[in-house]
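Shown below, as structure tokens, is a lone chain in the form predicted alone; questions about how it binds or moves come after it.
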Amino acid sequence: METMRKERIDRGVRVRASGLYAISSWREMLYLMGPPLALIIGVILLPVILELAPYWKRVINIMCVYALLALSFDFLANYVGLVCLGGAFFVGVGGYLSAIFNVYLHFPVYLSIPLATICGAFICTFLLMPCLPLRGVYFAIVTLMYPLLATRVIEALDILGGTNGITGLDSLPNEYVEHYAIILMTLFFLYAMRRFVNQDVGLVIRGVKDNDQAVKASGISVTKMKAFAVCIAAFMGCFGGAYMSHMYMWSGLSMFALDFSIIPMASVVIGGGGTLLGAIIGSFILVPLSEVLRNFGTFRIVIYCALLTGFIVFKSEGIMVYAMRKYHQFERWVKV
């Protein structure tokens, strides 16, 4: 009579090496690649599934923009140790620069968005350089002031269209480019960041958070490492802002709205900090939820607060950390 016992599914994978793909069995490959493939295929198919709901297709685009901001917030907060609430500043700078390149300098869309992304990343990094020695809540408060300051300067000096903003931007070539440009870039940034944080430079940046004195003793400039990390985060945020300005064919003061700073932070709390993927999952939950609750008016803030309080108190680790732990605990029956 055969004797059977339970064994965790990932046992064979982890025995060989946690950093290598399993190639001895298609089941192990499916176990490793199943969740990422499900996410990629599901996100890519969303515009097709919602073909008859154009409003919700637009929500997908905004959802991906918030996902990029949440990804940048998670990277800075949990890998660099900088709690940055300047997501709205990144979006605003990217949106206004793209509008300037397109409307005033007459650059086409396929040039204005990349140029706004690159130039915006460097401008945001330069303006945030004086704040890099700050830590914790002090850095968070100062970065939160940047979008407020930018809004008041534009409004007071009546520049860049003032309160009316810059209109007449060129739209994206067609709806497929509009949808899949932001979706594919979101997936690309997610994969790139997950690879980057485990490379040599990424490990040094993570060392800045864990022990910046040890990094400094190694002859590496902590300030330069922080500036590099902020530039990467600003790059993602500025791309989202540049994309939005052409999606709406308008760039104005609402580009600096504090929603672009607060919702990404809430997405990381819900999805799970330090996982990067959790930031994406949190955005995919919060943004559609905000649209569903729009009919409740200001009462939706109460629902937001209750939701965040529940996650912080009962599931502070976040959805992604909990799901990963449960996924790796799956068992199967094997012969002894």
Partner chain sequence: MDEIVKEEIEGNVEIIIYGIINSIILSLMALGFTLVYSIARVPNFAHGALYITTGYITWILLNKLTGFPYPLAIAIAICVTAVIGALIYRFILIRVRGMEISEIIATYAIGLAILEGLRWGGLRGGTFTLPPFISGSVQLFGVSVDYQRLLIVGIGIVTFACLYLFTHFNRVGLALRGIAQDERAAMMLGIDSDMTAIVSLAIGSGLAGFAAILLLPLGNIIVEVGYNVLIFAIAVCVIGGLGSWGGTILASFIIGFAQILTEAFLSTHYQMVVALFAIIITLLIKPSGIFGKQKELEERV
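Residue numbers count along the first chain shown, from 1. What you see is a predicted model; the values in this text were computed from it and never measured.
As for the form predicted together with the partner chain, it is not shown, yet the points below apply to it.
Colleague: Just to confirm the contact call: exactly one of 177-185, 235-243, 139-147, 108-116 touches the partner chain in the predicted bound form at a 4.5 Å heavy atom cutoff, so which is it?
Modeller: Partner-contacting stretch among the options: 139-147.
Colleague: Even though the partner isn't displayed, in the predicted bound form is F299 close enough to the partner chain, meaning a heavy atom within 4.5 Å?
Modeller: Looking in the predicted bound form, residue contacts with the partner chain include F299, since a heavy atom lies within 4.5 Å.
Colleague: Answer with yes or no whether R194 is in contact with the partner chain in the predicted bound form, where contact means some heavy atom within 4.5 Å.
Modeller: Flag for R194 set to no.
Colleague: Does M249 reach the partner chain in the predicted bound form if we count a contact as any heavy atom within 4.5 Å?
Modeller: M249: no contact with the partner chain in the predicted bound form.
Colleague: Could you tell me if L39 has a non-hydrogen atom within 4.5 Å of the partner chain in the predicted bound form?
Modeller: Judged by the heavy-atom cut-off of 4.5 Å, L39 is well away from the partner chain in the predicted bound form.
Colleague: Given that the partner chain is left out here, which of I44, L32, L308, L289 has a heavy atom within 4.5 Å of it in the predicted bound form?
Modeller: For this set of options, the contacting one is L308.
Colleague: Quick check on this chain: which one of C131, L172, I123, V103 has a heavy atom within 4.5 Å of the partner chain in the predicted bound form?
Modeller: The option sitting close enough to the partner is C131.
Colleague: Just to make sure I understand: among 80-115, which residues lie within 4.5 Å of the partner chain in the predicted bound form, judging by heavy atoms?
Modeller: Those in contact are V83, L85.
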